[in-house]
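Read the single chain below, which is given as structure tokens and is the form predicted on its own.
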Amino acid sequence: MRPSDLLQPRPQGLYCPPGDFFIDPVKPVGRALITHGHADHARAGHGTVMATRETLEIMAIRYGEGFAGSRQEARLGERVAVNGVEVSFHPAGHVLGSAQIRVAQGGRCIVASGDYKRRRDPTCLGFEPIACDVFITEATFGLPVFRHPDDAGEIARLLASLGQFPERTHLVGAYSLGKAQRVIRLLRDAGYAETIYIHGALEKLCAYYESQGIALGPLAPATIDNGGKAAFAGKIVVGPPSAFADRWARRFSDPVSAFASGWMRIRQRAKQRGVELPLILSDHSDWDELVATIADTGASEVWVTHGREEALVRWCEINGIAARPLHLVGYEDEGD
């Protein structure tokens, strides 16, 4: 069996013909296997969704209980048959509940990574390399310029700024699922015990993380009901990046604009967004982690998707690994 007989790109997403299912389809399909809960991978409207328990519950929070016709929980590491094709889910280290999907039939094994990172994250299980013939890797930060600094160092910069400007509110832009909770947990691990104020868009997901045993410490809504502008002086407020572009952000006292993202490595991006304190914190692997992961899987062939595909394909070719870009569309950087 050729790898393309087992998985192949279609307009809806990666399709498995013998199993008649899609992985992270961008359009409604009959059967979808979902790697994680970010909106560019997990969409509502499928007939059946198979995913980890956490991803299914996150989808219900984001889309409502009727987000799919039916649900099937995937237990990590358990191999099950889907229309005769063996599939299993394995930790991806991206966000809570995220998983790689292993697909095997006829002696051929392909692993679709979804989005993943390699460094420790206190809010989710760590990535586990899975041996395979073909590894499908994301390449969000698939250029050698992207080498993420130490997480603790970036949080230390945030706390140093807070100490330097105690009269100012520090607004931290962080995506609602995964990044926001990770920033909060990293602050707690650094010894910050004060109340952290959050935008309303984060409340349900933060509560869900807490329900899964991930302690986030004292949180409170960032509303005027909690006091005027002066009440937020010297405080940390976390919210989705989009919120800092509207009137919501203007309620705070002389705010320091921060943004937690791997893209903050690019100074021009930070400048364009008006970010005063760029925090290079990514939920994706950087260049070194991407190439190390390819080696760890032992794959003889690599397919590269949604990101800087060409550079990683070229690296594989130089290192004697067959590779090709998939050019899948519809995947963005929600969890960067």
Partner chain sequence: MKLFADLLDRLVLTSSRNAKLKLLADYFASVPDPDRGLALAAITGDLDIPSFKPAMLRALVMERMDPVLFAYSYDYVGDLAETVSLVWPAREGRVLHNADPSLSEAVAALIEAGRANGPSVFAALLDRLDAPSRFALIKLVTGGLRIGVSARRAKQALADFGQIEVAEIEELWHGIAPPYEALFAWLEKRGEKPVPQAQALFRPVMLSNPVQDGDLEKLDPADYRAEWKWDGIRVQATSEGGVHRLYSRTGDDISGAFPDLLEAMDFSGAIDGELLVGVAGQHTGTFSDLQQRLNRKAVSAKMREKFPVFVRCYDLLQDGHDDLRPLPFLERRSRLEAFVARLPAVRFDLSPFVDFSGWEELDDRRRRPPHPVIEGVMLKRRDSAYVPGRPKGPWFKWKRDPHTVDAVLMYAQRGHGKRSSFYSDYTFGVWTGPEEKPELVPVGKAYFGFTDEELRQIDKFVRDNTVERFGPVRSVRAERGHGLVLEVAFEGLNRSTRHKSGVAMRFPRISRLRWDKPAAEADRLETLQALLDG
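Numbering follows the first chain given and starts at 1. Since this is a predicted model, take the numbers as computed values, not measurements.
Beyond the structure shown, there is the form predicted together with the partner chain, which is absent from this document and is the topic of what follows.
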Discussion item. So if I measure heavy atom distances to the partner chain in the predicted complex, which of the stretches 55-63, 277-285, 26-34, 299-307 falls within 4.5 Å?
Written reply: 277-285
Worksheet item: Pick from Phe127, Phe146, Phe259, Phe232: which has a non-hydrogen atom within 4.5 Å of the partner chain in the predicted complex?
Response: Phe146
Worksheet item: Does the partner chain get within 4.5 angstroms of any non-hydrogen atom of Arg75 in the predicted complex?
Response: no
Worksheet entry | His327, heavy atom within 4.5 angstroms of the partner chain in the predicted complex | no
Worksheet item: Heavy atoms within 4.5 Å of the partner chain in the predicted complex: does Gln272 have any?
Response: yes
Fill in: Exercise: Ala201 in contact with the partner chain in the predicted complex, heavy atom 4.5 Å
no
Discussion item. Do any residues of 248-267 have a non-hydrogen atom within 4.5 angstroms of the partner chain in the predicted complex? If so, which ones, in sequence order?
Written reply: Ala249, Arg250, Asp254, Pro255, Val256, Trp263, Arg265, Ile266, Arg267
